[in-house]
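The chain below stands alone and is given in structure tokens; this is the form predicted alone.
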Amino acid sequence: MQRSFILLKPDCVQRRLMGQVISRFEQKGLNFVAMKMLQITPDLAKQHYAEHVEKAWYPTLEGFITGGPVVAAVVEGLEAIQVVRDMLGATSGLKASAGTIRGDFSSSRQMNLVHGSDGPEAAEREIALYFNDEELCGYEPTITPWLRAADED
């Protein structure tokens, strides 16, 4: 099973869309193995978005991501990273297809509700930024045989 990091951003929390977004991932068959609400500090924002810190638009991003509570989570499932990214849709809600989370709920280029890891290395780094090993609670739901074939690992 692969793990991916997701972050329900301040706009998702403030718009009270957390439950709908979480439900979509669960309905797809992904398992939540860690979750917590927190306020991102400027220091954590710089670590999370390290590749963007020197960009001219970074102060706006930092102001946004530290502007309200977020929900950090880890999901697990077959090809979880790509599945999450496909479910999120294009980065810009204006360009995201209907049926995706951003396509259905976002009409902004910047306020796009949810972050998802873009690859295995990013997922590992991001999970470690927000969770320690003791906070990850892997489990096998009893419904698993009805979600995928036994030989799909």
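Source: prediction; values computed, not measured. Residue numbers run from 1 along the displayed sequence.
A second form of this protein, the form predicted together with a small molecule, is not displayed here; the remarks below concern that form.
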Contact flag, Gln47 vs the small molecule in the predicted bound form, heavy atom cut 4.5 Å | no
Answer with yes or no whether Thr66 is in contact with the small molecule in the predicted bound form, where contact means some heavy atom within 4.5 Å.
-> no
Report whether the minimum heavy atom distance between Leu61 and the small molecule in the predicted bound form is within 4.5 Å.
-> yes
Would you please decide whether Arg85 lies within 4.5 angstroms of the small molecule in the predicted bound form, comparing each non-hydrogen atom pair?
-> yes
Within 4.5 Å of the small molecule in the predicted bound form: all of Lys9, His52 and Asn112, by heavy atom?
-> yes
Could you tell me which stretch in 85-93, 66-74, 23-31, 36-44 has residues with non-hydrogen atoms within 4.5 Å of the small molecule in the predicted bound form?
-> 85-93
